Every structure is written in C-alpha cells, then in structure tokens.
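Consider the single chain below, provided in structure tokens and representing the form predicted alone.
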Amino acid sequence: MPVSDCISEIKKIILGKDAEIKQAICCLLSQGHLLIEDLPGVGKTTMALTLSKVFGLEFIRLQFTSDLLPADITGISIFDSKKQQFEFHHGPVFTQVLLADEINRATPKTQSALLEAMEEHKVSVDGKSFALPEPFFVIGTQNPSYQLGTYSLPESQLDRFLMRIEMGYPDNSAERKLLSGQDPRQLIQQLETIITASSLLEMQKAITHIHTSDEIINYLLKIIHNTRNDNRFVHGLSPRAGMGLKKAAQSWAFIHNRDYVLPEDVQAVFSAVCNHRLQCNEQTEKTVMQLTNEIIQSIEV
C-alpha cells in the first residue's frame, strides 16, 4: 500500500513520532492545511521537508517575520517599460507545499494574506485572480505564544488549518539514534519519492468515497452539538470544523486500508482537528484538551 510505504520512508527521518506522521499524512490526504506548534528545534521544519520529498511535491519555505508584507507572500505587479503594462510576478505561495515558518511572528495583516489562498486555492491581486498549483498544502509552524515576538493567530486563521499537532521531545531511544546518526537534513536528500503529485490528487478524490454511515454522522453531530452546548467553551465547533472532522476521519480510515469509517477513526483525529478551534472560558480551570477528552468519553458510541 503506497501510504504505508510513505509512513515507513518518513520514519527514517522523523524518529519515534508515528502518531504525528500519520496525522500529518491524514491532513494532506484530506486536502487540509497543517499547523505544527512547538518549541524551536524539535523537528517542525524537518517534518515539512520530509513530507514534500516523499510525496514528490514542489516545496518552498517562507520565513515569517514582523516586517514581512502581504505582497511578499502573494506576489506583486511590476510595470514593464518595454511592454508598457503591468506584469504580475508570482510570490512564494505559488507552490505545492508552502512552509509558513514561524507564522505567528508576522503581523495579523500579513497572516491574513494566506486566508484566500488556503480556502479558495487562488490569489487575488489588483482585481485579478490567479489559481494556485494543485495539490496545494500549507504547513504553518508556530512557536508557543508566551515566547517573545509572537502574535496570536486570529480565530479565522486558525480555522483554515484542518489539524494542529505538536511534535514534542523525542523519547530516549529515538534521541539516541538521532545523536548517533547523520544530520536529518542530509538524509532527506536520500529519501525516495513514493507518490507523485498526480497520484496524490487521485488519492484525495478517493477519500471522499470512503463510506460514512448514518450512525457515524449521528455520532459526529453529538460531538459537535456537545461542544456548542458546553458553557465552558467560548463557542462550539463550526460547520466547517464538522466537515473537516468527517473528512479527517475518512482519511484516517484510508490510511488504515479501510473503505468505511469507524468511531475509532473520529476519536483518533478529534483532538488534532478540534482543539485549536475551541477556547475555554476564563472561569474554566481545565484545559481544552481535558474538556475534549471528557466529551469523547461521555458520548455513547
């Protein structure tokens, strides 16, 4: 199975992070965008490079800083004196995998330049629309909000990311292998491309045909409505979040070589899909993670 081959190839570089690898692939298959939040130096950029290499996708890394402008992302029209007309020069967003590195170090105005691209897969400049390559996958990395020089991502931006994951520190055996081996950045160049971009597009279409029974839909609705009726949250999950949860569950089933969704698939992706979309009230002592775990445990399958 090509997906299992991809997982095996990625595990050569990303050590001891099987769940995170599957979640990243799940997000890519779901035609969503991935947010990786963690401390600097734990492998966020390495994960993005490895994914693009194994899936044979064009890759551009864009470092977000406080002085980055929206035109630095989308591109700009420049007047050509010979042709006596403006010509649009494509920005780095015109790629298949865009690594928006440290996205929360840019100002909210610059962050918003990605909203249309992530949702519509196109960019509008000077009244004209320009289609982005397919597949189009944004991997945003962000440092914890308590670190200096960061701007919190607005809810509208967070909602564009289908999933958010954390890398965390490697376990002892994985870190020993990391210290004993070669630099992962050098090893990435030796990785095989398992799936081409055209094959990935076919797989993304196949995901939509993974069977989701009425019982699973009812289960999803119970989860979504539970978040909306729980006054410990500022607001519940949006319809877009619900559709994203369903599609991520379909992709999780596909990764595990099934053509139907089980409740376990929904539970496996629920945290990554929903935790960054929910916010606790100030009076609530528990974290979002604790509350969502309670919801999953309380709803009967």
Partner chain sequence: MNIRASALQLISRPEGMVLILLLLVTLPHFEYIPLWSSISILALSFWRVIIIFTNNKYNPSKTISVLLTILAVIIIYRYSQGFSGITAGSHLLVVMSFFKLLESKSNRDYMLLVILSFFIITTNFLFSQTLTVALYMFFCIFITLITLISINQHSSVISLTDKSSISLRLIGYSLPLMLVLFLFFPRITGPLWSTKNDPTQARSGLSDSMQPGQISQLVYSNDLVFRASFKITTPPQQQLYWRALTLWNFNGFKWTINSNNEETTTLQINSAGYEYSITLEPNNKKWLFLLDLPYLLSNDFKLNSDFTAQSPQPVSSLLQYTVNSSQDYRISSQLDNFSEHTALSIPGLNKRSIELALSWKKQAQTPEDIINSALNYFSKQGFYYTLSPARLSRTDAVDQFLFETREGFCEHYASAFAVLMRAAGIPSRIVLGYLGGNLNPINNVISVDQSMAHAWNEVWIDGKGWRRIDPTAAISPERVNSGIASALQNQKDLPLHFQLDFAALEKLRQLFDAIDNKWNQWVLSYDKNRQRNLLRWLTGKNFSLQDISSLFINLILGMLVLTSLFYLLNNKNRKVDPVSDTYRLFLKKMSKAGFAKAISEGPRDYKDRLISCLPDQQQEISFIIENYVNLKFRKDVNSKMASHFIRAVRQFNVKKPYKPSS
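Being a predicted model, the structure only gives us computed values, none of them experimental. Residue numbers count along the first chain shown, from 1.
Just so it is clear, the following notes concern the form predicted together with its partner chain, a form of the same protein that is not shown.
Quiz prompt | Contact residue in the predicted bound form, chosen from Val54, Val261, Leu29, Val269 - any heavy atom within 4.5 Å of its partner chain | solution = When its partner chain is considered in the predicted bound form, the option within 4.5 Å is Val261.
Quiz item: With its partner chain left out of view, which of Ile188, Ile207, Ile216, Met167 would have a heavy atom within 4.5 Å of it in the predicted bound form?
Solution: Partner contact (heavy atom, 4.5 Å) among the options: Ile216.
Practice problem: May I ask whether Arg160, Thr284 and Val288 each come within 4.5 Å of its partner chain in the predicted bound form, counting any non-hydrogen atom? | Solution: Result no, not one residue of the spot touches its partner chain.
Practice problem: Verify the contact flag for Ile296: yes if a non-hydrogen atom of it lies within 4.5 Å of a non-hydrogen atom of its partner chain in the predicted bound form, no if not. | Solution: Yes.
Quiz prompt | Contact of His211 with its partner chain in the predicted bound form (heavy atom, 4.5 Å) | solution = Contact with its partner chain, yes.
Quiz item: Where, among 40-48, 229-237, 65-73, 252-260, do residues come within 4.5 Å of its partner chain in the predicted bound form by heavy atom distance?
Solution: Partner-contacting stretch among the options: 252-260.
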